[in-house]
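First, one chain by itself: the form predicted on its own, in structure tokens.
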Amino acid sequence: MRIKINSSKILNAIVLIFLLIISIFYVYPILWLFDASLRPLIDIFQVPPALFSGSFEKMFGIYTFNSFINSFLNWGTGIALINSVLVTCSSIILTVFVCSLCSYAFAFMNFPGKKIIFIFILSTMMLPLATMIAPYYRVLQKLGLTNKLIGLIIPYAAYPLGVFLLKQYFIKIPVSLIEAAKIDGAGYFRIWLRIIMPLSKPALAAFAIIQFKEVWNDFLIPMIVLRSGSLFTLPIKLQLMDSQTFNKPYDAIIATGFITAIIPIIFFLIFQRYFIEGLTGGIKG
């Protein structure tokens, strides 16, 4: 009796096992961070990791929230968390508004120098941020935006990757819809608001996730703009904790690090379907 071997299923199984092994290397740091943030300080740096030593009852029985209490009460992580959420959400709203209008103009309007301006905008993506720090700070200082959260929110609006991503999605929208709206008397802004934006939800969600990651994890710009401790974001707060020479608060650092890492992951899991569709899909019909 001959056994028929399905080579495609074997290949899929091998790929699945390979991806599972790779995913362990990505998931394990988050699991360790979560476990360490709930353990007593004496167990955090245990070798082998306390996560794999002992029974589940013993492992979960010693969990405590002392690390989070120390982080929020003694180091002001709650204020830093609010600042990060405020800056990130405000930046996403402003950036989506500005970049979508700019992309709409490049996708559906004709004006002199359109291609040259678009190429110039994309070329700014090649410039490292560190090379623009001095003029960046100088402009904010002249406008009186240093040591203010709005000094972090406004500059993020100019995001060339967002212009490129949204423009590439907008051009997939049938031009007949735009022409029909113009015949009905709709202006540019109404077409953008009532037609372009509703049809571009996947691309907007994908762009929002990319922008969320960039703003949430940004350290360099907040470091040069902010001076008051009450305005610090989570990356700056983490650096402040880690800079302590004596009595370094390892438990608070781990708890703050877990909060900083888990929020973008949750945001991505919520909008992952739109993210994938926005990057790979288009207008169906």
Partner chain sequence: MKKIVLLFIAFLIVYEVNAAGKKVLMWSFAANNIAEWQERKADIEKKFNIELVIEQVAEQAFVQKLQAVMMDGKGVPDIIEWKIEQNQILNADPKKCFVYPLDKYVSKSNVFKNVVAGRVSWVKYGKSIYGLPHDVHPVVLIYNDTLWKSVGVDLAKIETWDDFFTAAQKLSVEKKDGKPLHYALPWSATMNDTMFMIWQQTGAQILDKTGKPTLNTPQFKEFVTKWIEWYKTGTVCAWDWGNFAALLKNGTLAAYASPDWWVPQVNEAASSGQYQFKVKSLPYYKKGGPQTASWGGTFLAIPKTAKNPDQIYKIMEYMQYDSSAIKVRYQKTEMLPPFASVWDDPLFKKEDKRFGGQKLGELQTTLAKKMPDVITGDLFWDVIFRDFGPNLSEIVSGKMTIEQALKVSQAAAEKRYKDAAKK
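This structure is a prediction, so every number in the text was calculated from the model and none was measured. Numbering follows the first chain given and starts at 1.
Just so you know, the form predicted together with its partner chain exists too; it's not on screen, but the next bit is about it.
Screening 62, 31, 69, 240 for any heavy atom within 4.5 Å of its partner chain in the predicted bound form leaves a single hit, 240.
Contact check for residue 226: a heavy atom falls within 4.5 Å of its partner chain in the predicted bound form.
Proximity of residue 79 to its partner chain in the predicted bound form: non-hydrogen atoms within 4.5 Å are absent; the residue sits far from the partner. The closest non-hydrogen atom of residue 85 lies beyond 4.5 Å of its partner chain in the predicted bound form. Though the partner is left out of this view, residue 232 does reach within 4.5 Å of its partner chain in the predicted bound form, counting heavy atoms only. With respect to its partner chain in the predicted bound form, the three residues 42, 244 and 250 uniformly fall within 4.5 angstroms at the level of their nearest heavy atom.
Residues placing heavy atoms within 4.5 Å of its partner chain in the predicted bound form fall in a single listed stretch, namely 131 to 139, out of 156 to 164, 194 to 202, 102 to 110, 131 to 139.
Of the residues in 165 to 191, none comes within 4.5 Å of its partner chain in the predicted bound form through any heavy atom.
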